Ligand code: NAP
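Next up: just one chain, as structure tokens, the form predicted alone.
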Amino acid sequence: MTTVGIVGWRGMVGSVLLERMRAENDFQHFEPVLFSTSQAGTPGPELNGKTEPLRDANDLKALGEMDMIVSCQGGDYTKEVHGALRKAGYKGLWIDAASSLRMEENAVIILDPVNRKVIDRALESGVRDFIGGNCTVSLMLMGIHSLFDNGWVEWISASTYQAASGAGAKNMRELVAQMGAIASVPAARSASSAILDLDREVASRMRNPEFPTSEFGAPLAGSLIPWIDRGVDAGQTREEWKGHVETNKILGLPREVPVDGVCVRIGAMRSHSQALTIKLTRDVPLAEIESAISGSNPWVDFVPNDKAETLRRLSPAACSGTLTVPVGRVRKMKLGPEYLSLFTVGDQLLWGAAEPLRRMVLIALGKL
């Protein structure tokens, strides 16, 4: 049976990956082998009805015995191990959640409901590195790839609203700690307190040097942070840069489509949202656009542009923990009939991270 080594399975993305593999009974198709960077030799969790000792994730010989390796360990691990493993002669598939290899010429960014043909061609041609995409890019394309398929997109301006989960588990915990610190101000404990007193106390607490900000570097609860990742050229952050380069690489378009915007961290726990302004290549009737989006893939949930359905279905609270990708607030803009506005949201840890990795294993096995 095909052996699949899994590294980083204790982390946030890795935990979701194992959860999904169990839920879909994926382990019937391959022999999972769990690796650890710190606890090699200790018993792992039960998989396929048995418990095996964890193997050393830094042991190139042990890794080299795997037919495939799935890494959720992070970019530093990929940089340290991947190249060394390839130099040692490893010919198996490397499937990775980290960004380190995404833009390498011999790597394919995987999002099979969007670019299955690209993936299939790569497998046939001998490509061995398959990398999960940036979470916001993947979620955007899950919602609107049919617009690209029809050749309707001239450019996109995205304003993202990214959850704490995108920054990691420690950041999610810090967001909750910030919420607790805000909720504990004296004026919050009395419904009869003056609202301006409450406002002043909250602002004072958030500006207090003891307010927990070691992970985010600034208050997020009750606020937002309009900067994600490091700065790059032309005033962009790296997160904003990924929108353009990864969209075009995933789709393999004959014509480069500009994608730009502002990426913002908000106080949602899980699931990223984004408001998109799309310049269409022509005046496409709104009914055609709605029909195309609705039929993009089985996971898109087209939300009518009315208040009740928007509140019920188009938010992180509504879709977190599910594979559903809601798309709504679709309308033509005052800028002109070639300008489209819409809003989409999706779980950063599922289609934004773990699910493309899980499905890539099955594609490589011929099971999907």
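In case it trips you up, residue 1 is the first one in the sequence shown, and so on. Under this definition, the rigid core comprises the largest set of C-alpha atoms superposing within 1.5 Å between the forms. Keep in mind that this is a model prediction, so the values were computed, not measured.
Quick note: we don't show the form predicted in complex with the ligand, though the next part is all about it.
Q: I have Arg10, Thr37 and Ser165 flagged as a candidate spot, so tell me whether each of them has a non-hydrogen atom within 4.5 Å of the ligand in the model of the complex.
A: Every residue of the candidate spot has a heavy atom within 4.5 Å of the ligand in the model of the complex.
Q: Which one of these stretches, 69-77, 83-91, 144-152, 189-197, sits within 4.5 Å of the ligand in the model of the complex when only heavy atoms are counted?
A: Heavy atoms within 4.5 Å of the ligand in the model of the complex occur in 69-77.
Q: Should Leu224 be classed as touching the ligand in the model of the complex when contacts are defined as heavy atoms within 4.5 Å?
A: Because no heavy atom of Leu224 falls inside 4.5 Å of the ligand in the model of the complex, the answer is no.
Q: Is there a heavy atom of Arg121 no more than 4.5 Å from a heavy atom of the ligand in the model of the complex?
A: Result no; Arg121 lies far from the ligand in the model of the complex.
Q: I'd like to know whether Ala169 contacts the ligand in the model of the complex, with contact meaning heavy atoms within 4.5 angstroms.
A: Ala169: yes, in contact with the ligand in the model of the complex.
Q: Can you tell me if Gln348 lies within 4.5 angstroms of the ligand in the model of the complex, counting non-hydrogen atoms only?
A: Heavy-atom contact with the ligand at 4.5 Å: present for Gln348.
Q: Identify, from the list Ala98, Ala181, Val284, Val245, the residue with a heavy atom within 4.5 Å of the ligand in the model of the complex.
A: None of the other options qualify; the answer is Ala98.
Q: Of the options Ile131, Val114, Cys135, Ile289, which one has a non-hydrogen atom that comes within 4.5 Å of the ligand in the model of the complex?
A: Going through each option in turn, the one that passes is Cys135.
Q: For a quick test of reading the superposition: does Pro45 move by 2 Å or more at the CA between this form and the one not shown, rigid core aligned?
A: Result for Pro45: yes, a 2 Å-plus shift.
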